[in-house]
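Given next, in structure tokens, is a single chain: the form predicted alone.
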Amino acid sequence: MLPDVQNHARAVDDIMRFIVGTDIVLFLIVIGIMLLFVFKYNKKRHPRAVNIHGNTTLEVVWTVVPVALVLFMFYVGWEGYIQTRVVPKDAMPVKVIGRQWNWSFQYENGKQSDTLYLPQGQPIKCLITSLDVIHGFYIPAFREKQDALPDRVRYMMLYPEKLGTYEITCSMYCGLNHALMATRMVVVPKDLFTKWVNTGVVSVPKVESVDTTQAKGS
């Protein structure tokens, strides 16, 4: 099982910081070399252009180093992605339906809600689809997103370990009211969820919010 939302989000943030930091360093190196050449080989210092022969060692270095960095980034990202595709045997399926411009959720017993209520500590397999155009089912605090496609069902794993309320948005531009296509995911104790899902109650009692858009400590 994946670690809780805080640790998982922190891992995603760490690799993102590494990628951005590496890009900045490489950018500064390239710009620095360009500026060095501008001043060192300007017309006043070298009125006559001279051919510069290649350097095999240098060419190998600037080929191998970027390739190694890219492969490392791919490996780390792939490892994280593969973990999110593993479906435990005890995963609870929940249908996620996107439409212009709202989300709805359907549970195994047929109960539906416009708020995603989930039991704490229970692996969730979200079965995601759309009734019209392409939407993006995105939970920022979990750093997870899956496109909702018309006439297709895709899945996304969730591991709600922390009680609280989390924001759900649409990450794909889907029309006029795209910005208003938002709802909440509420993680509640298992006994409270079981009581709610098997009754006609519309919503569960409010639980203390842990986060809305970002994981603590990330």
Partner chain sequence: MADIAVTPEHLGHSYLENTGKRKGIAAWIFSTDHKRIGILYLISLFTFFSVGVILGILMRLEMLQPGGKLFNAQDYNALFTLHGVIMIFLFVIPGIPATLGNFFLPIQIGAKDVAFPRLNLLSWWLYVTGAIVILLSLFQHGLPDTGWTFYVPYSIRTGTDVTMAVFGVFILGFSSILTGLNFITTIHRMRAPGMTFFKMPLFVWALYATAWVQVIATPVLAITLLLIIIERVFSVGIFDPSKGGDPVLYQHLFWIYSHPAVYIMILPPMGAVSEIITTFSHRTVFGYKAIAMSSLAIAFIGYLVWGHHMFVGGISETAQFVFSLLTFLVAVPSGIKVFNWVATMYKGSIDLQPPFLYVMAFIFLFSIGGLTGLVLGSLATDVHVTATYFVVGHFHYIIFGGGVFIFFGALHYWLPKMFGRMYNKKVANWALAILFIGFNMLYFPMLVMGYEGMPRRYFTYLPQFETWQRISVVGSWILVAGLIIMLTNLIRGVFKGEKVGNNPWGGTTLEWTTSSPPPPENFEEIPVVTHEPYYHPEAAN
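Positions refer to the first chain, counted from 1. If you superpose the two forms and keep the largest set of C-alpha atoms that fall within 1.5 Å, you have the rigid core. Please read all numbers here as calculations on a predicted model, not as lab measurements.
Form predicted in complex with the partner chain: not shown, discussed below.
- Remark: residue 190 does not count among the residues lining the partner chain in the predicted complex, judged by a heavy atom distance of 4.5 Å or less.
- By the criterion of a heavy atom within 4.5 Å, residue 174 is counted among the residues contacting the partner chain in the predicted complex.
- Residue contact check for residue 123: none of its heavy atoms lie within 4.5 Å of the partner chain in the predicted complex.
- The shortest heavy atom separation between residue 129 and the partner chain in the predicted complex exceeds 4.5 Å.
- Residues from 144 to 162 that approach the partner chain in the predicted complex with a non-hydrogen atom closer than or equal to 4.5 Å are 144, 145, 146, 147, 149, 150, 151, 152, 154, 155, in the order they occur in the chain.
- Taking the rigid core as fixed, one finds a CA shift for residue 29 of 2 Å or more between the shown form and the other one.
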